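In the block that follows, a single chain appears as structure tokens, in the form predicted on its own.
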Amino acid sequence: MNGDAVSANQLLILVPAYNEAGAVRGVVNEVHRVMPGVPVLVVDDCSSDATVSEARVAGARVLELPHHLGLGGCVQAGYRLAFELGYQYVIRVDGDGQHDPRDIPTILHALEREGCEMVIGSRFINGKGPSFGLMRSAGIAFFRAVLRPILGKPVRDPTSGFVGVNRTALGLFSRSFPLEYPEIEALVVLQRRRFRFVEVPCHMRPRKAGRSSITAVKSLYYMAHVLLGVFVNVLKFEGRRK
């Protein structure tokens, strides 16, 4: 499947970006090569560098946020605009170049074929996946264990940001979306609505520029923050069932 098989008003590629001037142009160019004719929306989270101009040079549409909202707020802004514009599918590709746009057709095909609300590009389906630091690897293993009984099925890559959603999930996330560390809490939000997700294999690459802001201390904060968010969502769901 390629971009010619998808109407321009059906699929949007969403690229959240914050100070990714060194990578975002290459990301947009790659997406255009893989999915010709499919629009790319870069949501700039109030960057202080040339992210906006680099994205526009590459031919992306740009939504400039007036304030720094963090990843969740940035993604939700893109989802809301996509929903209002009538798109049927949105696939998120991070602006740092770690996601391989050649995997986009795999995610899109799964969205269409499986009839599920979300497709996760998983780094751990084929083989053991990329090598992370000790804290990050431990965090992924921890959240796999926490989510298994909540979701009723295993999820191999709960922290993946390479995600596709259909219009049903798009409508939900345009109204309510975890703001700070969204990937894991979004799965719990889907479960509360009895929505389905599947995982498909994808590839992970080194960052094209810059460096990750995730440190050991931030990893611990991330785990505590997300765990709290997960259980708040679970409690809300159980309260509605009673």
Partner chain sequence: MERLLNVLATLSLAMIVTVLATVRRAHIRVEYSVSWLTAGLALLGLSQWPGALTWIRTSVGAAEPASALLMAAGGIFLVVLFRLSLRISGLKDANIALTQRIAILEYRLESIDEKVKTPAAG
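Remember, it's a predicted structure, so these values are computed and weren't measured experimentally. Numbering follows the first chain given and starts at 1.
Although it is not shown, the form predicted in complex with the partner chain is what the next lines describe.
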Run the contact test on D100, E114 and R123 with a 4.5 Å heavy atom cut-off to the partner chain in the predicted bound form and return yes or no.
no
How about H109 - does it come within 4.5 Å of the partner chain in the predicted bound form, if we only consider non-hydrogen atoms?
no
Heavy atom of L81 within 4.5 Å of the partner chain in the predicted bound form
yes
Against the partner chain in the predicted bound form, would G139 count as a contact residue? Criterion: heavy atoms within 4.5 Å.
no
Hey, in the predicted bound form, does H32 get a heavy atom within 4.5 angstroms of the partner chain?
no
Among R61, R196, H203, R192, which has any heavy atom within 4.5 Å of the partner chain in the predicted bound form?
R61
Quick one: which of 140-148, 90-98, 157-165, 68-76 gets within 4.5 Å of the partner chain in the predicted bound form, going by heavy atoms?
68-76
Stretch 95-113: residues contacting the partner chain in the predicted bound form, 4.5 Å heavy atom cut-off:
none
